[in-house]
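The chain below stands alone and is given in structure tokens; this is the form predicted on its own.
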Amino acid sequence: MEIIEKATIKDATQIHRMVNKFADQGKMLARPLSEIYENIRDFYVIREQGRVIACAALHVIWEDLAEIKSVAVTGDYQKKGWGEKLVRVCLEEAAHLNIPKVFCLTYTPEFFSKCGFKIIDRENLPQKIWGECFKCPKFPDCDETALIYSFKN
């Protein structure tokens, strides 16, 4: 049985390979290995026999905002609910940290809509989230959809 766990430093290269495989297919943005290492504490993984088969990260932006990013599930394990479970774990952590809103930028808005996110205009996101975007090869012509999840008070 697969269990969702916090990533360890040993998972970084596998996360990097998986995320960039999807990026090569135009399904998400590529991430440099250095960024995976720098943010390893943000990641959750699912392993099978020591191999990372799925990952997702919750990155805190500010006191009232976090981002879910790099949600990836490898081939044979897709369409089995693992991505949704990873998103739920990230949302649980955001709730535990008392972060009221979590956003994502994605090429698969329908997936995040199923997880309770609502589509918003990217312009409604605070400027502080764009720090990472400056490094993106698609900046300033972002073609991802912005969605947000707001916790009920």
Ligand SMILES: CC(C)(COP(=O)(O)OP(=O)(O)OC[C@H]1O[C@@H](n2cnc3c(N)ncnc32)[C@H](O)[C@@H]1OP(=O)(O)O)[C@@H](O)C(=O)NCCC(=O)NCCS
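Predicted model, so just to flag it, every value in this text is computed and none were measured. When you see a residue number, it is the position in the sequence shown, counting from 1.
The next section is about a form of this same protein that is not shown, the form predicted together with the ligand.
Engineer: Would you mind picking the one in Glu84, Glu93, Asp42, Glu67 that has a heavy atom within 4.5 Å of the ligand in the predicted bound form?
Structural biologist: The option sitting close enough to the partner is Glu84.
Engineer: From the candidate stretches 118 to 126, 104 to 112, 33 to 41, 57 to 65, select the single one in contact with the ligand in the predicted bound form, where contact means a heavy atom within 4.5 Å.
Structural biologist: Looking at the other structure, the answer is 104 to 112.
Engineer: Taking the ligand as it sits in the predicted bound form, is Met28 in contact with it (heavy atom to heavy atom, 4.5 Å or less)?
Structural biologist: Because a heavy atom of Met28 falls inside 4.5 Å of the ligand in the predicted bound form, the answer is yes.
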